[in-house]
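Let's start with one chain on its own, the form predicted alone, as structure tokens.
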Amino acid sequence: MEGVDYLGDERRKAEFDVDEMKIVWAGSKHAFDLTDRMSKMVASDPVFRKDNRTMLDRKALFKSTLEKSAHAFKRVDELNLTYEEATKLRFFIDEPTYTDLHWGMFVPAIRGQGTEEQQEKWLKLAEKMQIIGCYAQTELGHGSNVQGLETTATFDSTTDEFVIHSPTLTSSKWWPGGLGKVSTHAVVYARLIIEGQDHGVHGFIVQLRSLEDHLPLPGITVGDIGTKFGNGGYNTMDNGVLRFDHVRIPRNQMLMRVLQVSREGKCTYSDVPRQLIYGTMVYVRQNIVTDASIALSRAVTVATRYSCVRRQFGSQNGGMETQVIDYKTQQNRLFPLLASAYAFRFVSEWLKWLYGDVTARLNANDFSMLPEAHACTAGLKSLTTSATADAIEECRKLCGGHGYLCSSGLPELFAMYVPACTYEGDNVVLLLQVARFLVKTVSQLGSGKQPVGTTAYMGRAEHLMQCRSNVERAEDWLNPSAILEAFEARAFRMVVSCAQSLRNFPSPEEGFAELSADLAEVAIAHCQLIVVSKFIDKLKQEIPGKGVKQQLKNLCNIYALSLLHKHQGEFLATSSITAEQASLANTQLRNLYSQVRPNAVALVDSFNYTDHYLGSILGRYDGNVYPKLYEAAWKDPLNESVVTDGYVEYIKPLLKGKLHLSRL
């Protein structure tokens, strides 16, 4: 029945103020009002429909995306929306598109790496969408190894131009979003060659297509790289391939905020510190962590609501079957993911603060926090995206067979999200970068140089090597200091162990190659400590609303203790806790699940997602799942005809015995 709230009984169990929790999740009352208004605006606009997305072929899907992007820009103009409002509007359209790379990479690259004159010229055009840009760095043969890029930009002093060229097949630019069919310009990363000398990789603004008829310019070969994983998903994006055949651009189209090339071909570094470029990287990765919390919270909303709707087994004398969410096995898989969504949200809030702090320091020529900030954002990007991709798939399995339907929203969400594990740094490569930083930090402890920021705990080296957990009862694990000490001891002892093992190799590089798997685990332990500590810090703030802080405490403890249970081998191997204490943690974890159970639906309601944005029949707000699944089935293109195409040619002859089948 329409208008009936099948989850009403679940919502009435809530022991906290849901409206206040919505504000906590959003970050502020202003942020809540903004997201609420923009999400409802998108949901009410028929142009932004997406219920048919998985049924469209690639060409129809892409054309639909172009229509939505154009309509969004029109609405922004008509309503005179602010940049903040426009960003939220695009976000809730919930479809990867060329505008993501235009605003998310092309514009920031020019703003961060272009001179004032270049910004004045190119940003004016980009912000009015008079040019559409992408970010062309990754190549067919190189991704994470940026220094291995093969595209060249050779300076020709006779014409005052750079010649952009793709010398090999593997130097073809490959994957840039927006490149395949839309972008008119790109920030292209290429090796700067002057009089035969290689000056490393730098960015260049290159026009790709005519602004009159959109045809590729001479020397440009460009197209889409093909259909990606999953229905719908990331196939709304025109990821592209690009090759250059001695394409000439003016000298002033090299981004020269840091390194400048004169008319005579002389290279000069400006007064602008090269480290400022890293500020953009911190900004992008901080946004990725925010996106992880959102994608994970969407999947958890679907799995939680459906787990309350779905009933299986347990009926006595013809009574109601048991709600799936009441099974401990379901809670054990689902509630740590719910806790992770909140944990990632709060660490992303902290990363926003970190970005502002690092930017202010860089502008004041203070680079002391940069290595730590770089390692921190790299590690958290890796940790949160890997965990989220795994969690979306787990949520699909938590929904049983129906989770496999595209109408559940989960297969498409997974297909749309999983590229985050690779773009902006392959997750394993990033973890190894973090591990290098941690080993270096440990090696400097004896020099008197104090570790800062998220590595400050390493300054208590002697204590962390000797301390033993004082947990004696299950409820002792509710003490934040007990949790923090266990996580700090585990992380520190793991990095010290690896640092000691590295000394046994003839060279550091040999050691890093051999111990890379162990080093990746060290980085994960450190990053999990960061997330736990920032969740605990959040609880130290004043949080209004009846019962809100208690629910957040429960979720914080579930996040920490579920990690302790999952990685108890490392906690035990490092003697951070005993086997008995691990068992007590598991007992407390089960108690926490029981406390979260009556609040589960209200906790996912606090994400405040419209049914349009959620895009899932299983996760509908009203819980009216089965009639809607049945109704959706009949909308599939295969059901447009009662007798399927191909019956006459292939099925009827088989049924009538008129096919001559070969004998095996």
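If you're wondering where the values come from, they're calculated on a predicted model, not measured in any experiment. All residue numbers refer to positions in the sequence shown, first residue = 1.
Below, we refer to the form predicted in complex with a further copy of the same chain, which is not included among the displayed structures.
Between the options 447, 466, 80, 158, the residue in contact with a further copy of the same chain in the predicted bound form by a heavy atom within 4.5 angstroms is 80.
This chain lacks the partner; the member of 165, 285, 396, 90 within 4.5 angstroms of a further copy of the same chain in the predicted bound form by a non-hydrogen atom is 396.
At the 4.5 Å threshold, heavy atoms of residue 598 stay clear of a further copy of the same chain in the predicted bound form, well away from it.
When contacts are judged by a 4.5 Å heavy atom cut-off, residue 44 does not count as touching a further copy of the same chain in the predicted bound form.
a further copy of the same chain in the predicted bound form is approached by residue 416, whose closest heavy atom lies within 4.5 angstroms of it. Remark: residue 67 counts among the residues lining a further copy of the same chain in the predicted bound form, judged by a heavy atom distance of 4.5 Å or less. Across the proposed site, 94, 362 and 544 without exception lack any heavy atom within 4.5 Å of a further copy of the same chain in the predicted bound form.
Considering a further copy of the same chain in the predicted bound form, the lone stretch of 104-112, 345-353, 325-333, 552-560 in range is 325-333 [heavy atom distance within 4.5 Å]. Heavy atoms closer than or equal to 4.5 Å to a further copy of the same chain in the predicted bound form belong, across 196-231, to the residues 211, 212, 213, 214, 215, 216, 221, 222, 223, 224, 225, 226, 227, 228, 229, 230, 231, ordered by sequence position.
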